[in-house]
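Read the single chain below, which is given as structure tokens and is the form predicted on its own.
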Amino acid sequence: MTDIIIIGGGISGLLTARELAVAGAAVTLLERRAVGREASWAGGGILSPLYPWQAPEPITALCRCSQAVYPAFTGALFEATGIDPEWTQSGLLIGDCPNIDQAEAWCDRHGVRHARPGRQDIGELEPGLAITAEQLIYLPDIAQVRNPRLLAALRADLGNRRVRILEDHEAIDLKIAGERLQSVGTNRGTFTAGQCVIAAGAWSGLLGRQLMPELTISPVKGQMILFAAAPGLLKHIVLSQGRYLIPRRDGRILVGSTVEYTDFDKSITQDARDALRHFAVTVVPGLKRHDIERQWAGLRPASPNGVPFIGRHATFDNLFFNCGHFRNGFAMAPASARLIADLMLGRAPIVAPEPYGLKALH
């Protein structure tokens, strides 16, 4: 017997399933393809908005709550599954801060440690970095996860908690009876449960539009490349010109990303590869000696202003949604999952839920 159906097996769906399973619910997760292989796999795993002071306050609230729990959460997953999500406090160097006084004021207001490194400081922090100090700000506490490893650890953990995961089950139809969702039709059968959560990433709007036309979520393609670099070439996450470099523990360096409005097209292009490589070797000239190991693309689920939709349907009281996190899925995911679970289980919400409702975002 299933109490709750989760539609979507990305970071939002997996964490929502875990929150509800921990609370004792019987959960079935339906994933249209393979679990954790869409935007959640394709992203960089930075646990912060790129320019955090530019984010709306509802995003900040979820990010701050999530950042606080990530060290213990990833540690618990490692202990339970043997898979290390590689939570790493790399720190974030922003090399072209457009309004550095505004940035510092935001950091002071939210208790975020920060510094404005001088030229000598940059040489000590990152000897191989070719950026100037004029508009540089350093946030030493910003961390990252290696998202494919976190997704694998979450899947293993859900298996231990007896969450039923059904891959290649694409939800295509939501049946309503009265003021309740009656069933979820898929390409491989029909499923019923007391409650249902739409957490289908960029596909959430397609599924929900028959019942929630206001659930406006659009796919936004992001292309990335991966350098097979050596450990020590780069130690910090570096952001400049709206693009970033992320050093992994094994020395590999991710470079991203493009922002392309191409509907559901996930193809990769030579133009994007060339542009990302040019950015990378300009910021870290030492990367010229290393090969590009891989290029890929993912589809981010974009809401109108980047604030996710988290809440209950206004009419159908057993239908919920947790989607539309755009570029900050991992940064907001633990708090987003906790919030939707709080609302479904009648608990005191971790943050005020009103800013994430459908009406609030239009």
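The first residue of the shown sequence is 1; numbering continues from there. Quantities reported herein were computed from a predicted structural model and do not represent experimental measurements.
The form predicted together with a small molecule is left out here; the points below concern that form.
Checking Ala314, Ala26, Ala34, Val69 against the small molecule in the predicted bound form, a heavy atom within 4.5 Å turns up for just one residue: Ala34. Looking at Trp53, you'd find every heavy atom of it more than 4.5 angstroms from the small molecule in the predicted bound form. By the criterion of a heavy atom within 4.5 Å, Gly201 is counted among the residues contacting the small molecule in the predicted bound form. Though the partner is left out of this view, His169 does reach within 4.5 Å of the small molecule in the predicted bound form, counting heavy atoms only. Interface residue remark: Ala42 is counted as part of the site for the small molecule in the predicted bound form, having a heavy atom within 4.5 Å. In short, of 77-85, 90-98, 216-224, 278-286 it is 216-224 that has heavy atoms within 4.5 Å of the small molecule in the predicted bound form.
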